[in-house]
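The data below hold one chain only, encoded as structure tokens and taken in the form predicted alone.
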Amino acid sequence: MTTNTTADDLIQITQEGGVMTATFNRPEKKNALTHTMYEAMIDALEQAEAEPGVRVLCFRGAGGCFTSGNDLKDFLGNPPSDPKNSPVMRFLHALIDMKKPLAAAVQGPAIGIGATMLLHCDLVIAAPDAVFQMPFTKLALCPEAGSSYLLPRVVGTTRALSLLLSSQSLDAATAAQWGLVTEVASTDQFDAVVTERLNALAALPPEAVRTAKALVRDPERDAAHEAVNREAAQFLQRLMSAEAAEAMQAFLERRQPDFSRFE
């Protein structure tokens, strides 16, 4: 197994056989993602795509947490000067364009981008304690990562709206029932199941696997890119809104936001 770390060790890249793993390695902050971490994940995607020996790339989180989503302090303190070419946007478009299989091994919270990025993964294995949430309206924001387009196609329009409008949480069993998760593996067998599934995928004929993925993903690729761009434009407007200012301030002050004055 080969190991290297990037972004000051915040993203750990390991490779064993044909499986490359990118681990969010910021457990003390519940693996909240920063701009620097997005840059490192873009590098991981490009490396996995370019290296013939890599058959599948898997995302994981350290410390029993997948990721709590974007680091709000980092994003508010360092707004992108060129939103279209920001690390987040480049990461999302790279996910859509990835030709090799993408996988995720999810333990604990998968919040915001931690949940929406799973829509671009071809294999998602969850532990029983996994919790999925897309809390965009709660933060006075809007869906991202192409979720406004892809989520209804995965779970159905009614269920997608229930997740995106109410910011409700979803447990692992329900996520599997709805199709957001491939399977739920027991806690004591989680690592073994993840390893078995990834190694089985990596052992298959690589060109045949890429072809199968392309036949499923390519018809929706352009629409997914368009959804990411459309959401980003709305996201920036929402981020500058008075509602978002109240939501962010309440979050930082650890209090409930008050939206009663808004119409």
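For every residue, the number given is its place in the sequence shown, counted from 1. Worth saying up front: this structure is predicted, and the values here are computed from it rather than measured.
The next section is about a form of this same protein that is not shown, the form predicted in complex with a small molecule.
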Of the options Ala227, Ala32, Ala202, Leu45, which one has a non-hydrogen atom that comes within 4.5 Å of the small molecule in the predicted bound form?
-> Ala32
None of Val193, Leu72, Leu161, Val154 but one has a heavy atom within 4.5 Å of the small molecule in the predicted bound form; the exception is Leu72
Touches the small molecule in the predicted bound form: Glu207 (any heavy atom, 4.5 Å) = no
Exercise: Pro109 in contact with the small molecule in the predicted bound form, heavy atom 4.5 Å | yes
Indicate whether the small molecule has at least one heavy atom within 4.5 Å of a heavy atom of Glu28 in the predicted bound form.
-> yes
So in the predicted bound form, does any heavy atom of Pro135 sit within 4.5 Å of the small molecule?
-> yes
Listed range touching the small molecule, judged in the predicted bound form by heavy atoms within 4.5 Å, from 47-55, 62-70, 193-201, 218-226 | 62-70
